[in-house]
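One chain follows as structure tokens, the form predicted on its own.
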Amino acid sequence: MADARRGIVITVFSTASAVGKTLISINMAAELAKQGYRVCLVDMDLQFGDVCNYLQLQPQRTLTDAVTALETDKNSFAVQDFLTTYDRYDVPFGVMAAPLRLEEAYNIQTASVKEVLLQLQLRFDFVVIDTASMFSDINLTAMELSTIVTFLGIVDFIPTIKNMKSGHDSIREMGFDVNKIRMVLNRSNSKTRIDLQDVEQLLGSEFYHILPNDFGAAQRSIQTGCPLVLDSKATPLKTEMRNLVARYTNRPLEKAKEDSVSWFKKIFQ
């Protein structure tokens, strides 16, 4: 395993709730899959994960089942057996669902989650992780494994900005490689009297990418279970989410691969 090629891990994190982590994670996964990459989306908001709700999936197995199987018999453990497939408009990607019951979250061990993520890295080009809004051991482990950490924030109220600064400072103090931390602003043009430049000065860092506010498009995506990047309707939010992924992959959008379905099927052979 140590010598095998590992996929890229992108963790979406925030110190504030309701900032759009799940929506951004889903669209990152969908856009990467659309470009032909082998992608798995992991819902690591263990208590209140919403990935499957957003995508209108009904998982038969979850991260809880994966961890239990791993701890029971590591030698026969096959991580792909615990994934739920999302496939719309011929754009498939795997989903590792969050626990279905609240009490299951308390029994999941960090070391086991780390092993699951390492196994996913061996089978996928990209592993996108949606996290809870806290500095938990599991989240810190995900960030340590990550190639890129998307630190998502919004500029709406002073407490939200305070939490964002506190989280940004904490990540630096923990010794994370600052080059892999990407500050991304969501809902940039929402109504607020707070100046963006003042926030960047407070953080001591400019935002890597800015996503516009589009409540209607986001709500439609959740209602239909279709990621914005797969929707035929063009919106500024869709465009900027695709541009963000293009910056991460360093590939022009028009150079997307065309064999995503065949690649995905190979994973389960």
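Numbers follow the displayed sequence, beginning with 1. All of these numbers come straight from a predicted model, not from anything done at the bench.
The same protein has a further form, the form predicted in complex with a small molecule, not shown here; the description that follows concerns it.
Contact with the small molecule in the predicted complex, judged by any heavy atom within 4.5 Å, is made by just one of Q60, S232, Q219, Q201: Q219.
Stretch 219-227 is the answer when you ask which of 219-227, 201-209, 31-39, 60-68 has residues with heavy atoms within 4.5 Å of the small molecule in the predicted complex. Taken together, D125, I129 and T249 are entirely out of contact with the small molecule in the predicted complex: none brings a heavy atom within 4.5 Å. At the 4.5 Å threshold, heavy atoms of L237 reach the small molecule in the predicted complex.
Contact check for V9: every heavy atom lies farther than 4.5 Å from the small molecule in the predicted complex.
In the predicted complex, the small molecule lies within 4.5 Å of some heavy atom of R187.
At the 4.5 Å threshold, heavy atoms of V245 stay clear of the small molecule in the predicted complex, well away from it.
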